[in-house]
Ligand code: NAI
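Encoded as structure tokens, the following chain is the form predicted alone, with no partner shown.
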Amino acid sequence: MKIKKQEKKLIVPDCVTVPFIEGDGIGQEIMPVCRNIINYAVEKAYQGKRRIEWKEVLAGEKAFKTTGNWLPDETLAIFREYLIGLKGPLTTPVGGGIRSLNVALRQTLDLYVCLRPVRWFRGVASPLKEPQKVNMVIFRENTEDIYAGIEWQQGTPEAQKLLNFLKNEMKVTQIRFEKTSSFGIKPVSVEGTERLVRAAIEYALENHLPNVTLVHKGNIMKFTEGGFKRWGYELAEREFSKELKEGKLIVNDVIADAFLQNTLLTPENYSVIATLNLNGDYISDQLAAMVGGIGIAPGANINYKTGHAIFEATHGTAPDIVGRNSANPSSLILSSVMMLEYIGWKEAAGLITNAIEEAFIHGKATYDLARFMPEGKALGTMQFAETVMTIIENSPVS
């Protein structure tokens, strides 16, 4: 059965079909255990009244070996039809073609929000003295900025043509090393900014979070990054003036470099972050490192207007540990928790989240996390999954 979007609401059947991409490298190890945990939690939470039917679709190396295509049209068509999906890590093709499979999926399906919640789990080692203060949700713009970047390589006729245009037509004089410069342009639009900021504000209001912070580099890039800041404020004042006046929400902004410093000094001051693509990339990874690393960082790519969403592991394919039963499945598992929350199955989502934290509290984790825990006991991928399911089995449903 398929999920449908009706106005602003998802209509979710009790038996829902979820397409999934296994992923390359460690994807073949972490995706099966992730699906097992989801199935187990759904069964526990709803006693058979709800379930997921999994539908595999191809992308990456597995797709290329099977079809000769890194990202088959059928895969995109199925994601369009079924609205949501789960994805393991994918290899980026070498030597031309698609620049990035992840970017191609996001842009083709217009998944304009990269949603990255960041929080600390008890038991996980952190470089911070008070990691419990880190609890933010990042709304990273997913279709513009460098994801839509246009480049010309140094020394090519195209670069020379652009240089001539900039000098002769646009009267640009501040290019210091003309002959050896490559050039890049990043588009940032009013529409792209507004839909991202709108989604961030609506999320904050729905979840009773106190503030939305626009993070930008508008002090240097006046019309792109600065435009993002200005258009974001204008959108907030135009569409959410009542909520702002009633004190239900504060919208503010901060320069990107100052923000990175502030997250280390006063992370408790931030709840929802709205930012452009490149800034969001840096911010997401720094915040993940602050609470234990990208191995426990979940992520989703969402179009809130159409309802389309792909939930994914935020790390790479880790070819160096493939087949060793040592890969950490937590990022993918926690991304599946986001998926369950997205479709309204919050009881199952809560069982998984609580079980993972309970495992961490007792030092039970894969090697990448366990080695830093005072009483850490390194478990294999399969053993960690079994531990989580055992905790779910013995947990009450809230």
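Quick caveat, the model's predicted, so the values are computed rather than measured. Counting begins at 1, following the sequence as shown.
Below: the form predicted together with the named molecule, not depicted.
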Sort through 303, 107, 126, 314 and report the residue having a heavy atom within 4.5 Å of the named molecule in the predicted complex. 314
Looking at 299, 89, 85, 280, which is the one with a non-hydrogen atom within 4.5 Å of the named molecule in the predicted complex? 89
Answer yes if any heavy atom of residue 102 is within 4.5 Å of a heavy atom of the named molecule in the predicted complex; otherwise answer no. yes
Taking the named molecule as it sits in the predicted complex, is residue 149 near enough to touch it, meaning that at least one heavy atom pair lies within 4.5 angstroms? no
So in the predicted complex, is the named molecule close enough to residue 320 to count as touching (4.5 Å, heavy atoms)? yes
Might residue 358 be said to contact the named molecule in the predicted complex, defining contact as any heavy atom within 4.5 Å? no
With the partner removed from view, which of 326-334, 34-42, 340-348, 50-58 is the stretch that lies within 4.5 Å of the named molecule in the predicted complex, judged by heavy atom distances? 326-334
Only counting heavy atoms and a 4.5 Å limit, does any residue of 355-371 reach the named molecule in the predicted complex, and if so which ones? 368
